[in-house]
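Just one chain follows, in the form predicted alone, and it is written as structure tokens.
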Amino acid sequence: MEIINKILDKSSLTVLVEKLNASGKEVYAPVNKKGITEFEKVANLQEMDFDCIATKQSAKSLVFPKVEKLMNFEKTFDDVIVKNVDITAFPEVIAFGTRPCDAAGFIPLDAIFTTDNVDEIFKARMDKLTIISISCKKADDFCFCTSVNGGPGNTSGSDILLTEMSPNEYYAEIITEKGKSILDANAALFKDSAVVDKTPLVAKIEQQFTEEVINEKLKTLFESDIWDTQAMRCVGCGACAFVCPACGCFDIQDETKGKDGVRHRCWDSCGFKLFTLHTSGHNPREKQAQRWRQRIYHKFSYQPEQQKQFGCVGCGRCSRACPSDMNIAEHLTQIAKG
């Protein structure tokens, strides 16, 4: 649909959050507790922290939880009775105050879970998620969204994007039908607006490399010793994958007690040694350098080739979270210039 442009003042924004909660939707937003900002369920605008550059964790757990039940099962004498999770019971969820990089992260994540074989549990959660993002007024040295086809005012992935024009006024872009349904239900809170140039209102983030250059370079680097050099500090902790908005690796585990059991899905990482360990004992990625190479190739070569988009949104969380000070933007710039 064509983007609808509106103005929303802060008092109306406060009312909007209260009305969304009153309508039965669950509203999640950045909340600062003891200096750490994470997405949590909120009741009003006053609880939200819009000053942070990025939450420590992304918002992906709203549709891809760290641990989620897939089914219950019961073993009988000659059969197994399976009871799948009730996907119709999932609540309507509003992700409020996501950054444009977080919103964009749902696009490659959706591609992982719905290309070829559709994951019905993931799809049901995505169908019930509405994303109201806020453009970035500031950035840090870890941000590189403009190098992966994003930007501090990027609308991709958002249903509504708010850009602060003043401390008491937001420019609202209504981007999707989900966003329009919120507008239609709360029309009195919004004022008409012409198209606003967001450039002076958002952070300035210099482009460090391009998709075309990275794709071209990776065609010849698979056997390069650059991976040994870059991965020298990597300890294989998986922090980068767990904070990434676009990583979708998972493990399946069954927990049983007597004849009853539960099957869970939990986050995993291709950076873990056990991720590719075969039952035979063979591991096709036995070295950390091979696992680092896989991470880069998956996000910047395989995924663009198969799904026509990067598996990275340039949020910088992986570099902020890394205990060994590995910086993916620096590594990609090295590849681009090499």
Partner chain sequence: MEQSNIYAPYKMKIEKITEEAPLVKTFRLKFMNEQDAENFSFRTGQFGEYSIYGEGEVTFCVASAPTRKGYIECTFRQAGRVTKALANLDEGDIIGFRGPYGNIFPIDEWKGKNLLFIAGGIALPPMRSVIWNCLDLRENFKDITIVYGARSVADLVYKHELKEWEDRPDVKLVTTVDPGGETPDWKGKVGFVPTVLSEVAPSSANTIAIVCGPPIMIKFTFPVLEKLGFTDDNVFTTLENRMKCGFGKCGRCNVGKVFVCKDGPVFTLTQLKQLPPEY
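Each form is matched to the other, and the largest set of C-alpha atoms that superpose within 1.5 Å is called the rigid core. Residue numbers count along the first chain shown, from 1. Values in this document were obtained by computation on a predicted structure and should not be read as measured data.
Beyond the structure shown, there is the form predicted together with the partner chain, which is absent from this document and is the topic of what follows.
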If you check in the predicted bound form, do 78, 116 and 251 all have a non-hydrogen atom within 4.5 Å of the partner chain?
yes
Where, among 268 to 276, 51 to 59, 22 to 30, 37 to 45, do residues come within 4.5 Å of the partner chain in the predicted bound form by heavy atom distance?
268 to 276
Do residue 263 and the partner chain come within 4.5 Å of each other in the predicted bound form, heavy atoms counted?
yes
Could you tell me if residue 293 has a non-hydrogen atom within 4.5 Å of the partner chain in the predicted bound form?
yes
Can any non-hydrogen atom of residue 199 be found within 4.5 angstroms of the partner chain in the predicted bound form?
no
Find out whether any non-hydrogen atom of residue 120 is located within 4.5 angstroms of the partner chain in the predicted bound form, and reply yes or no.
yes
Could you check which residue among 207, 215, 84, 181 gets a heavy atom within 4.5 Å of the partner chain in the predicted bound form?
84
Go through 53 to 73 residue by residue and record those having a heavy atom within 4.5 Å of the partner chain in the predicted bound form; state none if no residue qualifies.
70, 71, 73
Following rigid core alignment, is the displacement of the residue 260 C-alpha between this form and the one not shown equal to or greater than 2 angstroms?
yes
